[in-house]
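Heads up, the chain below is alone and in the form predicted on its own; it's given as structure tokens.
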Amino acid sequence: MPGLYRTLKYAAVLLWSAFVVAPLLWALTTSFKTINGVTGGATYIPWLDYKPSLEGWRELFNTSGTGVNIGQPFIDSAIVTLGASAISLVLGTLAAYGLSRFTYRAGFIRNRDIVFFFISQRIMPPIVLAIPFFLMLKFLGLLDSIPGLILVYIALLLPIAVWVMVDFFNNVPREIDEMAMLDGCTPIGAFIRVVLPNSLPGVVVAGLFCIIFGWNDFFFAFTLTFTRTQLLPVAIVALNSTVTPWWSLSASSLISVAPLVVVAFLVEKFLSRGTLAGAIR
């Protein structure tokens, strides 16, 4: 039985890995094809089934005006995503700590109602917020600009940071705060020096969620920008025309996924690290 269980376990892992990796491999092979390689039937192995070409990748960085240059949209997406994620993470962490350690009352409203209010902002369909955001940015003179998108993305990502961090702070014993203040720390000092380091995996998880949601957003990047600013998801959709350039779309999809994969590998060690080992004396 143990041998059968191990076999089934590894078989399930292999099947799931194939399910996840196969689309990426297909996109990788397609990115090195030409129109003849795509329309001529299914081919898999370069130099054996088809002659590879870099045309799909060249079209993505064509600055002559005949192609689409996704270099600037990539940079704009990185600026907007990282900027909004960092601000949302800082504000969300502070708000979550306050909701975890202090009691707030406004009539029948309690802490859990405030937390639900934050996460309820993600329940609304994005189309509901499109016109209010559009009018707000137009009034502020930030329409079709990177600062305007950062402001909108903060409103979208802040509920995620609060929701994730409240749960992590609730799992950190209050005795840690008390011991730090007995040692001479102020409440803010106890938060920065003791509580926050013990909640580092939560910060990483919240930051990762913010980056993923911000990087993959298409709706607001499409509705709130026109000519001066263009984010990567919008630039990728703009590649489509009367003849779908599957080779360029595949290359651009790999470029879009690559940063998230790199970030996931970089923060993986923090996700598996223990948080409270030896924290309470």
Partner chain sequence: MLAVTLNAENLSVSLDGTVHLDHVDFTLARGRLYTVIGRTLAGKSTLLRVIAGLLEPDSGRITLDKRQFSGLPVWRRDVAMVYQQFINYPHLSVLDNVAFPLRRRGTPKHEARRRAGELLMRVGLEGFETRRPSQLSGGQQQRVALARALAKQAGILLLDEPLVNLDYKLREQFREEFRGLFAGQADMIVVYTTTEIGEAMMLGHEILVLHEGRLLQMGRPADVFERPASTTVAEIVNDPPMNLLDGHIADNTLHFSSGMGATLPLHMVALPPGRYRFGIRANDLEMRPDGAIGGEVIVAEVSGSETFLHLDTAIGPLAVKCEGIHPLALRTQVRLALEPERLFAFSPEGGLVAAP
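In this text, all values refer to a predicted model and were calculated from it rather than measured experimentally. Positions refer to the first chain, counted from 1.
One more form of this protein exists, namely the form predicted together with the partner chain; it is left out here, but the text below deals with it.
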At the 4.5 Å heavy atom threshold, is residue 187 in contact with the partner chain in the predicted bound form? yes
Would residue 204 count as touching the partner chain in the predicted bound form under a 4.5 Å heavy atom rule? no
So in the predicted bound form, is the partner chain close enough to residue 194 to count as touching (4.5 Å, heavy atoms)? yes
Would you check, heavy atoms only and a 4.5 Å threshold, whether residue 89 touches the partner chain in the predicted bound form? no
In the predicted bound form: members of 150-187 within 4.5 Å of the partner chain, any heavy atom: 175, 176, 178, 179, 180, 181, 182, 183, 184, 185, 186, 187
